[in-house]
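Just the one chain here, laid out as structure tokens, in the form predicted on its own.
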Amino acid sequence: MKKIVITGGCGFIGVNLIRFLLTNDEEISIRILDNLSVGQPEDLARVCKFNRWKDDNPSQWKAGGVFLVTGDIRDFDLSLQVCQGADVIVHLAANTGVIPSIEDPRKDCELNVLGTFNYLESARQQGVARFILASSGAPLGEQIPPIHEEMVPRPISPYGASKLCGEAYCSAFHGSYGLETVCLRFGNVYGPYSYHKGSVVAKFIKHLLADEPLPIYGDGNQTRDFIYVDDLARAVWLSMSAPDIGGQVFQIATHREHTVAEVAEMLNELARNLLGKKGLIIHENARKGEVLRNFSDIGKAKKLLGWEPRWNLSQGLENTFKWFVEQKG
């Protein structure tokens, strides 16, 4: 699996994945497709050197080379060109988050359903060996945790529905065409290079650095399974080559449950130790469409991928906080 297409490669997870891949294998060639709506070429440049991809030479692949294609995942003709000659596709590009999907469900559907279909169909037509979909726990909806792969999905947000549809298409392309599809349901990912991300960890850190209050929606007792981005990148890497996992879905998280209020307090303590200050925690109305409790059973990933997380929350938050401080300095 030396020739890799990564959609959304300029985003938070994308740049961390590329950094991880190049560190572990200098011979791989990476082709990135990104519409630059969030991540920018400057973000990619922080982790690697890259060249602009030329559509008049779609066969260009270079060992150790990274090529950036600017475009939209809804452009099927472009997806066919981008996927030519690839061994594996890692489909990260998406409309992310529950709240954006509630505000604009049509956009969420077009990006997450049609965009995923385009790259599955391109994988089929171009003979790509494996397709890895970045999914989440959102397709399962409100369930009694720990959530696992055998639960019946009951999404409660458009985002959850669109991600479930992507998983269904992966299953269909595996069953009908033999494409080796792998769906990875990410926990709440955090880590360095997340300055564009609106997730709770990145948001709290940015508020602390700007001397702004930390907003918690609801009472703060809602729980999430927070996974450090390097652990996530290693799971994606293993999914590229693990045998006999076509058509499978995996929970990629830590099997640990932490409340949002707990994370706010941990970050406040880091701010006190590193910056000599703490932030004011304020509570706002709870938001519809968000589950109250969520953490994952990762037994299947341990067994079939040989993967398990190496970072605990305390270590990961400290590393992330220090990275943000260094960027500001």
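Residues carry their position along the shown sequence, with the first being 1. Worth saying up front: this structure is predicted, and the values here are computed from it rather than measured.
There is also a form predicted in complex with a small molecule; it is not shown, and the following applies to it.
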query: One residue of Leu68, Cys48, Ala261, Leu36 in contact with the small molecule, assessed in the predicted bound form (non-hydrogen atom, 4.5 angstroms); finding: Leu36
query: The small molecule: the contacting residue among Val128, Ala235, Leu111, Ile216 in the predicted bound form [heavy atom, 4.5 Å]; finding: Leu111
query: Site check Gly8, Ile73 and Asn188: each within 4.5 Å of the small molecule in the predicted bound form by heavy atom; finding: yes
query: Candidate stretches 87-95, 237-245, 141-149, 204-212, one within 4.5 Å of the small molecule in the predicted bound form by heavy atom; finding: 87-95
query: Interface membership of Phe250, the small molecule in the predicted bound form, 4.5 Å heavy atom rule; finding: no
query: The small molecule contact at Arg124 in the predicted bound form, heavy atom, 4.5 Å; finding: no
query: Close approach of Val182 to the small molecule in the predicted bound form, 4.5 Å, heavy atom; finding: no
query: Distance check, Arg256 to the small molecule in the predicted bound form, heavy atom within 4.5 Å; finding: no
